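Below sits a lone chain in structure tokens, taken as the form predicted alone.
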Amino acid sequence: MPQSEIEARAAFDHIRYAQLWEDADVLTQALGDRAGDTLVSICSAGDNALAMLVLDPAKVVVVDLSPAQIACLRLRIGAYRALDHEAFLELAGSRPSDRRAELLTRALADTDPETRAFWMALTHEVEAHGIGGVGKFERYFRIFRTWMLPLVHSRSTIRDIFEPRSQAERAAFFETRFDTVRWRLLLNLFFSRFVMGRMGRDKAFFDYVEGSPAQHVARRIRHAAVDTDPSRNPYLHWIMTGTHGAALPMAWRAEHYEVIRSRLDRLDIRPGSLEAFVSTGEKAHGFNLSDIFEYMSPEVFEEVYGSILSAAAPGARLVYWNMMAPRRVPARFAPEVTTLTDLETRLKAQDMAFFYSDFVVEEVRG
């Protein structure tokens, strides 16, 4: 596999995502029964690689181009080992806390010197926002929530988003109280390609995007507010309120905490691109590919996809998301995989990570 295309065009020296913005519940269902298997995951902030441990694999190989994103996972490993569940949620930012500096020190105690130095330099930000709130993407949403949203909606309207309702009631709430002219103007401004490139995602991540980001976000927010239940959506909670409320991401829930803690030694962290796995000749039975294909030209996507297939065991599943750049199995490789359309359809209806327009599950034929 060649050097990653995005590696040459985007910076990876800071935390882009301090928490995962992809739904591990649908990811783990899409991967299927993987007890005893080898899995591969893009790291990002590490939460979904941790969630994959619930599947009881032999190991999860974790790769990422960004040392900062790898540092997020290494800190989480330290936090799972050193903290109980409630303390973890405080450190993460899901719960209020006045002791995050202390919790950070405890979580870092047994980590490597580079990870400790990286995170100690961020102590003040962690104290203010938790480890899940210190990324570029999270700061972008914090500006939105703190400075822009109050110009459009009252606190009571924001609070009422998360009241449990039937779908018909959610539609009525959205159309009569939420989807106002001022709201639509805000979306067009704040989620424009220019503003998102400057403040949210690296501008290079939009090179292959099709259409208007603002219109895409507007459609997906309506989906999150009406088609799914906002009271159960941790991502929408964080964007609108700065916490997850009771709707925690999968890896942060109490019912999974001890299982994940007991399997941390099954994580095999390999900094670098997917080549860090593909070049070894090993075979994996499942791949969490995040939305990496979205950042590639069609030609590079086809080449990378073929490299991944070369490292996939028969029956392996490739799971990935698309936001605005449509990517599915290239025609050249279509005879080698089966698209699990029924599973995709079912899981897309459940997916709380509402920014994505498509969720793809492909299985390698034997």
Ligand SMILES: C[S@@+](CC[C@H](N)C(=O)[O-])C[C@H]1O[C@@H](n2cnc3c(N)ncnc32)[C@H](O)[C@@H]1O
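A residue's number is simply how far along the shown sequence it sits, counting from 1. Note that the structure is a prediction, hence the values are computed from the model and not measured.
What comes next is about the form predicted in complex with the named molecule, which is not displayed.
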Does any part of G272 reach within 4.5 Å of the named molecule in the predicted bound form? Heavy atoms only, please. yes
Just checking whether E22 would be counted as a contact of the named molecule in the predicted bound form - the rule being heavy atoms within 4.5 angstroms. yes
Does S290 reach the named molecule in the predicted bound form if we count a contact as any heavy atom within 4.5 Å? yes
I'd like to know if V226 sits close to the named molecule in the predicted bound form, meaning any non-hydrogen atom pair within 4.5 angstroms. no
Counting only heavy atoms and a 4.5 Å cut-off, does the named molecule in the predicted bound form sit next to every one of I42, S66 and Y356? yes
Among 24 to 32, 328 to 336, 311 to 319, 42 to 50, the stretch whose residues bring a heavy atom within 4.5 Å of the named molecule in the predicted bound form is 42 to 50
Which one, F190, W238, W252, Y295, lies within 4.5 Å of the named molecule in the predicted bound form by heavy atoms? Y295
